[in-house]
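One chain comes next, on its own, written out as structure tokens in the form predicted on its own.
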Amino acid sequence: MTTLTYGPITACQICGSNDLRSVLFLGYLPPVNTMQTIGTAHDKQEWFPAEILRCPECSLVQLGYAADPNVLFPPDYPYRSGTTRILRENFADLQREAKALLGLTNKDLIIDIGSNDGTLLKNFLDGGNRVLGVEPSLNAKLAEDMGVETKMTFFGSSVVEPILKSHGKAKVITAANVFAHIHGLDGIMKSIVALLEDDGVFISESHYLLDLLTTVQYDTIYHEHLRHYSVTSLRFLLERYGLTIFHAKRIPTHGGSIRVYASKSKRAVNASVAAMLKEEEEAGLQGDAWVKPFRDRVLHSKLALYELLTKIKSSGKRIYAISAPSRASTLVNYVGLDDGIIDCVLEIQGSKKIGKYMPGRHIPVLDEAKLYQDQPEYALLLSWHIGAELMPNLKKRGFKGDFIVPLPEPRIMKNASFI
């Protein structure tokens, strides 16, 4: 197995071109899930440069620095895919769609890369398929508790032979919200192809570059996300390894993602593929005309959020933030929010993040019950991309204040209406 090196990325992760051009630099950011316990003395913390680059050869937009995954994905990695309703519904939809498109049977093996707590694979297991997860964090034990067999390790060439011996080849390999995270694409792609049956299918779900640009999602730029895919760049990558995209669709997860099906054998290509490629061409993603307008919108969004918060704090009112997803770390650190602006960040009861400080900040993460006890005037939605789900729930539970939605344009919302 090739030893991976970490540090500045100077060659395109797909095509190897050295002609990488800067899109946006957000400064230096800490690992988004490295959180210090409240009350402990602040210790040194690693920060890495957060710049995204564009490759004009294959159109891939990618991070300019690769951090060690052992730092980014520790064994106690706090992210749980099963805690968000939209993700649970999305994974159930993936299973139904895959079964209908591929005619899966109870003999077929489904492998999920970065299977987390097993939420995705549980749908296939309940549908009668054989399943196997590959997950490096302790979430693998949660999956096992649900009956989802899981290998607790990083996915790569070292797992191929053991899986082939114990389970055989897979009809489907899925990678949902992890395919943009894995360093060493060449080895990953060769491992996927080696594990797939001759008529096997690789299904990936990733943040969608077009949605990132349209809705100014600079907060999705952090070191777990090495690549920001378009269908154009994904096609370039997959075809290099003998895989052909035959179906693609937009899905609502993570503020806008794409689900892409690619096969080893020839299949009829759905019209969805050409439609999405045309949309990307019309949006100019194959060129660089979009770069400066996007950079300007990020800056203006930051300044507008400061202006809005300045008015609120000048009037002596309180701001509590709601939820601490990974993307929240980028937002608070890039914008420069601290505990003088935001009193605290609130997570639902049972979250592993409660009792910690936000990465790189002195903002405490506390139990959501504090929102209803204290009734601050404003709640800043750091999971703004699921605001339509969050706001009614928070109102139903008794919150009486107004909401601040930071992106794409900062605004205040009251009873789900703009003001």
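One rule holds for the numbers: they count along the sequence shown, beginning at 1. Just so we're clear, the structure is a prediction, and the values are computed from it rather than from any experiment.
Quick note: we don't show the form predicted together with a small molecule, though the next part is all about it.
Using a 4.5 angstroms threshold between heavy atoms, S265 stays clear of the small molecule in the predicted bound form.
The closest non-hydrogen atom of D219 lies beyond 4.5 Å of the small molecule in the predicted bound form. Not displayed here, the small molecule is approached by F154 to within 4.5 Å at the level of heavy atoms in the predicted bound form.
The small molecule in the predicted bound form comes within 4.5 Å of a heavy atom belonging to A176. When contacts are defined as a non-hydrogen atom within 4.5 Å, none of T232, F246 and Q286 contacts the small molecule in the predicted bound form.
You can rule out all but one of 336-344, 295-303, 179-187, 234-242: in the predicted bound form, only 179-187 has residues with a heavy atom within 4.5 Å of the small molecule. In terms of contact with the small molecule in the predicted bound form, the residue from I258, L213, L226, L87 that brings a heavy atom within 4.5 Å is L87. Note on the partner interface in the predicted bound form: the residue among F202, F91, F124, Y320 having a heavy atom within 4.5 angstroms of the small molecule is F91.
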